[in-house]
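Next up: a single chain in structure tokens, the form predicted alone.
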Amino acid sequence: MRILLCLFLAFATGRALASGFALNEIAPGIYVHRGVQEDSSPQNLGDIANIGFIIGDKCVAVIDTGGSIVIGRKLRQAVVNATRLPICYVINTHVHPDHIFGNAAFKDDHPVFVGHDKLPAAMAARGGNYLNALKRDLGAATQGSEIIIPTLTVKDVLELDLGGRRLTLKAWRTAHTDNDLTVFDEKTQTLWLSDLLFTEHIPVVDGSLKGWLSVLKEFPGIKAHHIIPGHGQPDPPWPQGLQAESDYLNVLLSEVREAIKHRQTLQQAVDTVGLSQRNRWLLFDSFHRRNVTAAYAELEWED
């Protein structure tokens, strides 16, 4: 009896487990693997972003694939463990390597690779450097990771039918990057925000600080029951879960503007702006100075 109980509990806590690769079914048919809150390293092999998949009646859509082919293979095995349905779409929410380098693990499934209209250009511009950094930082275990350009792009809004399940993909104006894509599952009202929302992990500015703040103002109007950020705990309270990120970005905006107004140099701004936020975010020292630099470059010549 005890053995049967253990087997049942193992099944109930998440049937899509692959070699320690844990997933949570946060809503019916919505599986999320939570990345670790770390910089990419040979130990985690780029498993630092929230990734997962959505199962319809006809086929499966994968949402981001992780930071290396190793992570992509684990995600693919989790799909195989969860369903016999084919993988028809692999959706990349933006260009950053921790979200795209698992793509190659899905090549043999012949899915349609989907991304923002500006994603192909971003991949072409950055792909070589990303691959070099991957080999340098993560080592031989990631061999086979590659840049795969989307074959279907989204300029505004696109609907995908998984069979009894409709996904709405929206391409946003420049915010976290210039190629941010969100995915909304109407059946469960799950909104996959990816890196347009960071929880716990400090937000990373790689597009437009002002653009990101503008986009954030639109999110509370979306009626969603489940939220999946790009990093951090899934299912934060909605829309309250946006507040910490908004506060950080607004501090960055106001303090960089003040630094520029008082004719501080970039280095002076980097050394002083936003330090009150340090204890509120993981990986602050890895990304905050870069954020200040990006904000200063954006705001230096504003009217």
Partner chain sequence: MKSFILSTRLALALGAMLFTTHAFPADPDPDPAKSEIWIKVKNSLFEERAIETSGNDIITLDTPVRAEDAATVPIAIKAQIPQNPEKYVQTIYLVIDKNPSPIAAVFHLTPDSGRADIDTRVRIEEYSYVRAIAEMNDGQLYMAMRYVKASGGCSAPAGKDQEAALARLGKMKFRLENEVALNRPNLAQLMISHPNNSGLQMDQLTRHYIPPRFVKKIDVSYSGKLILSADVDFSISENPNFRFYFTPRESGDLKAEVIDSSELKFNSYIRVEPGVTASGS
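On a predicted model such as this, the values are computed, not experimentally measured, just so you know. Numbering follows the first chain given and starts at 1.
FYI, the form predicted in complex with the partner chain isn't displayed, but the following is about it.
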Is residue 189 near the partner chain? Define near as a heavy atom within 4.5 Å, in the predicted bound form.
no
Look up in the predicted bound form whether residue 232 has a non-hydrogen atom within 4.5 angstroms of the partner chain, and give yes or no.
no
If you check in the predicted bound form, is residue 237 within 4.5 Å of the partner chain, heavy atoms only?
no
Please check if residue 137 has a heavy atom lying within 4.5 Å of any heavy atom of the partner chain in the predicted bound form.
yes
Site check 26, 214 and 272: each within 4.5 Å of the partner chain in the predicted bound form by heavy atom:
no
Sort through 157-165, 221-229, 199-207, 82-90 and report the only stretch with a non-hydrogen atom within 4.5 Å of the partner chain in the predicted bound form.
199-207
I need to confirm a contact call. Of 246, 37, 264, 277, which residue comes within 4.5 Å of the partner chain in the predicted bound form, counting heavy atoms only?
264
Looking at the partner chain in the predicted bound form, which residues in 113-150 have at least one heavy atom within 4.5 Å of it?
118, 120, 121, 122, 124, 125, 126, 129, 130, 133, 135, 136, 137, 138, 139, 140, 141, 149
